[in-house]
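Shown next as structure tokens: one chain only, the form predicted on its own.
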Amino acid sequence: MTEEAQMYDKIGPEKIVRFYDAKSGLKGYLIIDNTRRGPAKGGVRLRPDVDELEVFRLARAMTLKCAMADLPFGGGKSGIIADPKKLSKKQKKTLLVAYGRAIKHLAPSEYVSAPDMNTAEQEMAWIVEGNGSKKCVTGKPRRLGGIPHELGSTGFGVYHSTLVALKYLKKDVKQITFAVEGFGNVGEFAAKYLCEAGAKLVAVSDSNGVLVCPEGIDFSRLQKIKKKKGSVTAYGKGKILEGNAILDVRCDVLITAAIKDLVRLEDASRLYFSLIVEGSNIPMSHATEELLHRKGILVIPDFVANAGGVISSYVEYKGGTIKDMWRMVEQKVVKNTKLVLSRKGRCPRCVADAIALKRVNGYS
């Protein structure tokens, strides 16, 4: 059965919307996967190669993520087909305002947007401008009543999920080495918190390449260089590698925090990590996770580890504070990571899927 055929099951998708606006150049997809628990929640991804199947996979991950976090949201996702590197600020605003207008008949009644790849609080403000309702998005600027994702809620949750997994493996965070794939909002904050806890960062990547530094990477220096020069490859020490060479790094933990399908079945023999924590969405297939489980590599699923963003969104949605957000992210991510790991000997993905699906079906 093809992946396209597997898009349709008892859970969803409920609606597939293809939008196009010739005047603004807006083109893309909105998939509302399931609304049994509440309005579909999911980010707006802005990439030149985003397609309908990817948006569906992300929407399904959101259905499971919201259920796993026990939030009154369903799952959805949007994908806008555009290259952010080729857009001026004015062009980007035009696209996002048009997007907000295009989904007005569905948001916020059935779908609530949020930041995702290449979108942040400013883009959420433009969506509000086009849509007319502040409730149509979360992760918006504070001036609009938002709790910006730029505060690092997702990375904060990934960090806490990693701590739980390390304890499960009987590893001391102060004694481990780790690598981070992607140094955007998720990867940067996950790295920050792990370094502050005493772990050693030995490799990090972004769209320009992979920095490998076995003696350890100074996080503060890396953060400043990335901000000033635009890439981790400008660090000035260590080796610079290309492509997905971060999979070949020999260290204890890999945090995925960027692209989909980073790890494929054929990559299993390359990996020397004891633990992979999925800070990014759909970084590998379920079959790959099950193979890694058989190889003895512990993988914490995306919708368990990276739920911090949607938990933050929920706090914003119900009018909570930033302090409330930090507390709820830690509590829920820790609780659910422990729950998934409590079924010893079973693949964490299988356990998490079963729990989340049961919660979805319990709200029919």
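All residue numbers refer to positions in the sequence shown, first residue = 1. The structure displayed is predicted, hence computed values, not measured ones.
Absent from the display: the form predicted in complex with a small molecule. The rest refers to it.
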- Item | Candidate site Gly12, Leu64 and Gly75: all three near the small molecule in the predicted bound form by heavy atom within 4.5 Å | no
- The one residue among Thr162, Thr138, Asn185, Asn131 placing a heavy atom within 4.5 Å of the small molecule in the predicted bound form is Asn185
- Interface check vs the small molecule in the predicted bound form: of Ser109, Gln91, Ser207, Gln175, the one with a heavy atom inside 4.5 Å is Ser207
- Note on the structure: Exactly one listed stretch (329-337, 316-324, 29-37, 301-309) reaches within 4.5 angstroms of the small molecule in the predicted bound form by non-hydrogen atoms, and it is 301-309
- Task: State yes or no: in the predicted bound form, is some non-hydrogen atom of Ala179 no more than 4.5 angstroms from a non-hydrogen atom of the small molecule?
- Result: no
- Message: Is it the case that Gly279, even though its partner is missing from this view, gets within 4.5 Å of the small molecule in the predicted bound form, heavy atoms only?
- Response: yes
- Query: So in the predicted bound form, does any heavy atom of Arg57 sit within 4.5 Å of the small molecule?
  - Reply: no
- Task: Answer yes if any heavy atom of Leu87 is within 4.5 Å of a heavy atom of the small molecule in the predicted bound form; otherwise answer no.
- Result: no
